[in-house]
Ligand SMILES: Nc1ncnc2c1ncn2[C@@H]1O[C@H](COP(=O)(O)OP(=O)(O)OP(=O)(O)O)[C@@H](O)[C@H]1O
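Let's start with one chain on its own, the form predicted on its own, as structure tokens.
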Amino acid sequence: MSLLEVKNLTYIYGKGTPFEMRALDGVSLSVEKGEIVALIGHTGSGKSTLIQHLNALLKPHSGQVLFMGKDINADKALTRSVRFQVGLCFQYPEYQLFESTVYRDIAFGPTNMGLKEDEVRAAVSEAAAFVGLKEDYFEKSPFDLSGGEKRRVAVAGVMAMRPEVLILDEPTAGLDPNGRRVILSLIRNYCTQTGKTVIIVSHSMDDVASLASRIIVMNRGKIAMDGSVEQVFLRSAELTKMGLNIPQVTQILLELKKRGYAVNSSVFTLEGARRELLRVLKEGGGAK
């Protein structure tokens, strides 16, 4: 039994009106415990609509979403429970901060779960540690923090509910390069330490290549590809037709290969490219 499963999911915006649009069209997929899955696709491909179905913010017009084998829309009690088990952090989540202190913001979810005060504090401390925030921050106003720190507070607020699945919509959007590296490192460490499942929605192919173990490509409301990072990025021509790119380092290696350098272009991360270029230099694989 998969942790999270989508069966023949269809959703239509403006159903029954002249503006009817089929955002999801018979989508089926499954996600296993411990996976880091990247969901990519051009604007309007159905990504955001899909993730809002995964914790019942939207209900399908047909099809099912199953969490641990149970239809999450079967009854209100189950739906409420799943919203804590499948945590969704929207794009630019720092704009959704509203409490007077960092502690209260992170504690909002656990408190609404009905946890006792000591359990809430433990959950807040754990989540803050995952995102690299010391307890010195707890009594600060979240509005006095930097953009990257606000992002970490917002992510911690979802982590504090200890969801089985953490969904992050564009987690590095708007951050500078250092902020991006920090967030990606924190997500990676979170997965390693907890064994939880993470789904990220991203337009950054470099982020996807450095973090994900699997990529699902959405196009026109359907799943166009589903495979490992290598399996998906090797289909660069098809991705380009869908308005998507491959990682920048891969583009550079492909260009070097065109110019006669004996490089392996099936490399998708900066560290992998560094090792490949060092190998070529050591072996004397210059342009011919």
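The structure displayed is predicted, hence computed values, not measured ones. One rule holds for the numbers: they count along the sequence shown, beginning at 1.
Just so you know, the form predicted together with the named molecule exists too; it's not on screen, but the next bit is about it.
The partner is not drawn, yet in the model of the complex one stretch among 230-238, 40-48, 255-263, 63-71 has residues with heavy atoms inside 4.5 Å of the named molecule: 40-48. Out of the listed residues 162, 203, 214, 83, 203 is the one that sits within 4.5 Å of the named molecule in the model of the complex by at least one heavy atom.
With the partner removed from view, the residue among 96, 91, 146, 141 that has a non-hydrogen atom within 4.5 Å of the named molecule in the model of the complex turns out to be 91.
By the 4.5 Å heavy atom rule, the three marked residues 31, 35 and 268 all fail to count as contacting the named molecule in the model of the complex. Residue contact with the named molecule in the model of the complex: residue 273 places no heavy atom within 4.5 Å of it. Though the partner is left out of this view, residue 23 does reach within 4.5 Å of the named molecule in the model of the complex, counting heavy atoms only.
When contacts are judged by a 4.5 Å heavy atom cut-off, residue 207 does not count as touching the named molecule in the model of the complex. Heavy atoms of residue 170 reach within 4.5 Å of the named molecule in the model of the complex, making it an interface residue.
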